[in-house]
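One chain is shown next in structure tokens, namely the form predicted alone.
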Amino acid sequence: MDFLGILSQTASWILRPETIAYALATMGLAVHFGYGGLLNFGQAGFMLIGGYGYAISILSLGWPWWAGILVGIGASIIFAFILGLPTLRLRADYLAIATIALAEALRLIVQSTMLDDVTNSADGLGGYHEGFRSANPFPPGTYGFGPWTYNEAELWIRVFGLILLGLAIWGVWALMRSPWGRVLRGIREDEDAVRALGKNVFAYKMQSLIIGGILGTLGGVVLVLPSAVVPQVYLPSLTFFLWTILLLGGAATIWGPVLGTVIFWIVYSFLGLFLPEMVNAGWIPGVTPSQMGVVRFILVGVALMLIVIFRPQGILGDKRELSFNARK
């Protein structure tokens, strides 16, 4: 067993575009749930809008890559209104059901053959990278060291993603220290009390949904920069992974989504490499490598249960910020 090779491949996930994209989307989920108390189980829908909005605006409309990002943001705002107007007055459990249903409906729509000319249905979209790559400020060459060695295109994707993530961290930090953020936390704790003070609770919830959705959209854009837009990526399991990351790092924290994402991908990728190698080495007879690879999904589910039971506030969380029981 090449244990050093497994560790090297695992370490490479720290700066993978998927890691940065998940951190962005989880930051948006922190705005929804950690600070606003909104049980949004449809964050995958916002990521889908980011990916498809970016690709379609370039391929079908011929717009530049930066305009594609703006299109995704605009589409996510519209989707947030469609999602929020009928659901934000619902109780937490009904809100969760409604959001996951609408996100899944959106995935099925882009995957259907009736939009084949636009979305290419189940095959997804590709070939939209030229504009973004032509904006690369790095000259051709090899950068980095060890498992973090990239060519100029790979480095540009990571630097751009990290810039977006840094702006997201700063933006959420500034918002939550503002009067708006304090009102949002008050809504999470007791929305009736905030309403009694004359605040428009519904408007604050909608603003929270829009801001968190935009962050999810930016995560969706970063996710599709290296390869293609494929509808099967946006399954409900994507939202499940984001919730695992959020609860692992800490729901009502600024750095929790980042730390949770790094830990999640390190463990997830390590198990995906190590468990099949255990079978190949003969340590677990009677099991195929593909079967053993599925075990990591089981372990992620078990880990989520243990987090909720023994440390529901997450690694960086504070019990005073705990919001599982904040919504009625």
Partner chain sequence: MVTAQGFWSLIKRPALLLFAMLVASLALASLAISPAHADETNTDKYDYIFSGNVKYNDEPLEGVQLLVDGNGYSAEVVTDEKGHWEVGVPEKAKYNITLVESTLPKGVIVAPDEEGRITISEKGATVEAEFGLTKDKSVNFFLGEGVRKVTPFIDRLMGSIMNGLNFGLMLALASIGLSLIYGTTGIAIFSHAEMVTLGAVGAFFFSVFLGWPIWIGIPLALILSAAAGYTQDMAIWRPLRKRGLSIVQLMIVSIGFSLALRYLFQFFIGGGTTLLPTNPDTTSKLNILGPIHLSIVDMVSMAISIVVLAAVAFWLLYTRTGKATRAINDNESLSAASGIDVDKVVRLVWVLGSVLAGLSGVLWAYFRPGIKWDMGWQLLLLIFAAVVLGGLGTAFGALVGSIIIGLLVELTPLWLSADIKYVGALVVLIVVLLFRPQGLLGKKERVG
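Residue numbers count along the first chain shown, from 1. Not measured: the values here are computed from a predicted model.
Keep in mind the form predicted in complex with its partner chain is missing from the figure; the text below concerns it.
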Among A75, R133 and I266, does every residue place a heavy atom within 4.5 Å of its partner chain in the predicted complex?
-> no
The one residue among L59, V295, A67, V262 placing a heavy atom within 4.5 Å of its partner chain in the predicted complex is V295
Heavy atom within 4.5 Å of its partner chain in the predicted complex - residue from Y128, W156, W243, Y143 | W243
Could you tell me if A96 has a non-hydrogen atom within 4.5 Å of its partner chain in the predicted complex?
-> yes
P312, heavy atom within 4.5 angstroms of its partner chain in the predicted complex = yes
A281 near its partner chain in the predicted complex, any heavy atom under 4.5 Å?
-> no
Any of the heavy atoms of L304 lying within 4.5 Å of its partner chain in the predicted complex?
-> yes
Select, from the options 270-278, 22-30, 49-57, 286-294, the stretch whose residues sit within 4.5 angstroms of its partner chain in the predicted complex by heavy atom distance.
-> 286-294
What residues of 135-166, in sequence order, lie within 4.5 Å of its partner chain in the predicted complex by heavy atom?
-> none
